[in-house]
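Single chain ahead, by itself, as structure tokens, in the form predicted on its own.
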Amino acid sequence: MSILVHDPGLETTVQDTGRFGHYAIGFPPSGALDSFAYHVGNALVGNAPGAAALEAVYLGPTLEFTADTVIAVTGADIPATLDGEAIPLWESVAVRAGQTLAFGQLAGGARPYVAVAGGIDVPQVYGSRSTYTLVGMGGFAGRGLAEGDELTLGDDAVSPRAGRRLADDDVPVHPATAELRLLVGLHSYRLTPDSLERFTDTAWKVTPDANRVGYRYRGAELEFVPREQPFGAGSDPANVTDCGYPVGSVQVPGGVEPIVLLQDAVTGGGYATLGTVVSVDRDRLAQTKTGDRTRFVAVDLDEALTIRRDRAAQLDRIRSALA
């Protein structure tokens, strides 16, 4: 049982929950950028939470299935068809051998996900099937899919069936201006109070430099508190002595064009990071695209932990409802 890739779209990769436990030696986790869409997709087709799925960006792939199976398309708001007939998003759909899945023009969000019963059966590398394209590791041959590829499917889905559907109230929306909750900290002391306030007051525009490594924004210029250059740090006011970068951390190199680091980013360096986007909201970030606007909303640690607990409870509720 397999999938034949007729057209890979702009970039389609195999992703799962990520490659954890190796951050200290420079391995970012990789994994699905929109974790909610990924997990719901697997639940819809009867997969275990860690099964590998496909993540596309902007343009969906064109895929032919060689055997009967069940799929679900989640994430971005994008028309999907089987042999030219429209299929619903956020719902499991039966596929017959020989049918072809294709996508139309993106209407909202940025990244569609394709979950298939049994998952994408590629070898695990350091405990994950996720693709880390920067070093050619994991996923399918360490790269994005290409025309002519054939993906083997697993066979351990539990009672895969068509007709499972996510409740409408749980389907995410993709507004033109996304709000990302930010735990301010780390090196926020390097910005002047006015600049820190300006950061959260600004509707930042997503630049073309937006991918799995990070998102770069434009919208305002920020100023740093004058200081003497610390030992071990560069001369730029945005430099600090090297430190680890949490996934979701926000750098402000030069005081312009803030960058949010994502699942394929470097794990450390010498730029000041003024805070970290809470993990749940990285899903929302992953569904923004070049030209969209983003606002950062400061939250404290208790709020961030509550947001994470609420998301975990939501996914538990959804999995129970779809079982």
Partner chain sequence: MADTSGGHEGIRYDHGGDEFVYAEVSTAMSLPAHFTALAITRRLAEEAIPGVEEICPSNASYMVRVDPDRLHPRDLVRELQRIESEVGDRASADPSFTIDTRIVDVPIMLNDPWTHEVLMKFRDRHQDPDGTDLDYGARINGYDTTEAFIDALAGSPYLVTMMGFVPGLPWCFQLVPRDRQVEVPKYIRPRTETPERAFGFGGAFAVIYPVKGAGGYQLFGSAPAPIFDAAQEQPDFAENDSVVFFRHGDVINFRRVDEAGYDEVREQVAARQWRYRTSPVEFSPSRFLADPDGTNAAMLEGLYS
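Numbering follows the first chain given and starts at 1. Keep in mind the model is a prediction, meaning the values are calculated, not measured.
In what follows, reference is made to the form predicted together with its partner chain, a form of this protein that is not presented.
Give a yes or no for H187: in the predicted complex, does one of its heavy atoms lie within 4.5 Å of a heavy atom belonging to its partner chain? Contact with its partner chain, yes.
Can any non-hydrogen atom of R282 be found within 4.5 angstroms of its partner chain in the predicted complex? Flag for R282 set to yes.
Taking heavy atoms and a 4.5 Å cut-off, does V266 contact its partner chain in the predicted complex? Result yes; V266 sits at the interface with its partner chain in the predicted complex.
Considering non-hydrogen atoms and a 4.5 Å limit, does its partner chain approach F27 in the predicted complex? Residue-level check for F27: yes, a contact with its partner chain.
Which residue, T200, T177, Q105, T241, is the contact with its partner chain in the predicted complex, using a 4.5 Å heavy atom cutoff? So the residue touching its partner chain in the predicted complex, by this definition, is T241.
Listed residue (Y217, Y245, Y113, F140) with a non-hydrogen atom within 4.5 angstroms of its partner chain in the predicted complex: Going through each option in turn, the one that passes is Y245.
Tell me, please, which stretch of 163-171, 127-135, 67-75, 82-90 lies within 4.5 angstroms of its partner chain in the predicted complex when heavy atoms are compared? Within 4.5 Å of the partner lies stretch 127-135.
Site test, H22, L183 and L305 vs its partner chain in the predicted complex, non-hydrogen atom cutoff 4.5 Å: Checking in the predicted complex: H22, L183 and L305 are all within 4.5 Å of its partner chain.
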